[in-house]
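The chain below stands alone and is given in structure tokens; this is the form predicted alone.
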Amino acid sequence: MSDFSTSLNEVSNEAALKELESEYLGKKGKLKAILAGVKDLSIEDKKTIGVKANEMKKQFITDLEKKAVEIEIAVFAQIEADEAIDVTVWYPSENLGHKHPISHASELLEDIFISLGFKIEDGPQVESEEFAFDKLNIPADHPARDVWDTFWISDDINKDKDIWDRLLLRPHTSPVQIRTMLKGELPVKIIAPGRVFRYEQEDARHTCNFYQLEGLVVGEGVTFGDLKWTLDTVMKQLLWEKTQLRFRPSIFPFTEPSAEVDVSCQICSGTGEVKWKKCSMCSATGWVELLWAGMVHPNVLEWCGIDHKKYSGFAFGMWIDRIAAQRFGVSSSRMFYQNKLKLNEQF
């Protein structure tokens, strides 16, 4: 048995294994010779040696099978080593491309808000009517819905749904604010950047598919002054210290009071003219409407399970496309969607 084990340990290939198997278990093998001589032994010896020989045979077979597996594994390992391809080898690449201006502007905004203590939240682009409108104080019969001409999911999907469960492409990232407040974790200080969809007449400032960033702060003692300071700080960091903000009274169902926020046009430096022509970005006014803002409406807080008598908050939104145009001096935000490499390669 020890001779077999020694020989088996020295086997390194399939041919040597077959030769060892034949040496011990073949027709003329050593174990066969032992079994052949059992007939000449006494009855007692037959019982002892016969049983022992059968046990050895089973052990030899087990050991040989185990060794065969080891040899097979070693063979495949060697094949893998011989045929291995190093996919990490450096290869000179050309035309790596450029980060899109909208992505660049979005990352700049995120960095600024993170530095002010905001967290980034995300949500689905296909949203329910409840989160897109109803929980934002915009019921089905509210005239404000006309402002958000939307892309609804097909009738085949929506026909069997209740009115608040109908699906649409989100017209704003405000549902992310609702989802965050419903978690019940206060205070809240978040931004929600993302892609939104509206049925818009396209011009220098409008597209039917664009990128928006909204923000929300909810806590005790939050004021409109906090809102103004936040937006002024962000815009001055993004568009430089000379940038001016103008707050105009407005009406939004989900905020009260509300304001449209204009920023001094970076394209014409607030003059309304570019090379003696009217500035198309600001419609020759010197101001570009980049943001909306306001204090969160008490109804919205209550529907999210937040006591409006104890907590207050402000919300704001901005068009990343327009901000990118202002940041990089592009006269029309539509150009970002026209696959103009000469434009993108500048950034």
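Note that this is a predicted model, so its numbers are computed, not measured. So that there is no doubt, residue numbering starts at 1 and follows the sequence shown.
In what follows, reference is made to the form predicted in complex with 3,4-dihydroxyphenylalanine (DAH), a form of this protein that is not presented.
**Student:** Identify, from the list Phe254, Phe113, Phe131, Tyr211, the residue with a heavy atom within 4.5 Å of 3,4-dihydroxyphenylalanine (DAH) in the predicted bound form.
**Tutor:** By the 4.5 Å heavy-atom cutoff, the listed residue in contact is Phe254.
**Student:** Please pick, from Ala315, Met281, Ile306, Leu290, the one residue with any non-hydrogen atom lying within 4.5 angstroms of 3,4-dihydroxyphenylalanine (DAH) in the predicted bound form.
**Tutor:** By the 4.5 Å criterion, the partner-contacting residue is Ala315.
**Student:** Have a look at 174 to 182, 262 to 270, 116 to 124, 71 to 79 and name the one stretch with heavy atoms inside 4.5 Å of 3,4-dihydroxyphenylalanine (DAH) in the predicted bound form.
**Tutor:** Looking at the other structure, the answer is 174 to 182.
**Student:** In the predicted bound form, does Arg166 have a heavy atom within 4.5 Å of 3,4-dihydroxyphenylalanine (DAH)?
**Tutor:** Heavy-atom contact with 3,4-dihydroxyphenylalanine (DAH) at 4.5 Å: absent for Arg166.
**Student:** Is Lys189 one of the residues lying within 4.5 Å of 3,4-dihydroxyphenylalanine (DAH) in the predicted bound form, judged by heavy atom distances?
**Tutor:** Judged by the heavy-atom cut-off of 4.5 Å, Lys189 is well away from 3,4-dihydroxyphenylalanine (DAH) in the predicted bound form.
**Student:** Can you tell me whether Arg198 touches 3,4-dihydroxyphenylalanine (DAH)? I mean in the predicted bound form, with a 4.5 angstroms heavy atom cut-off.
**Tutor:** Yes, Arg198 sits close enough to 3,4-dihydroxyphenylalanine (DAH) in the predicted bound form that at least one of its heavy atoms falls within 4.5 Å.
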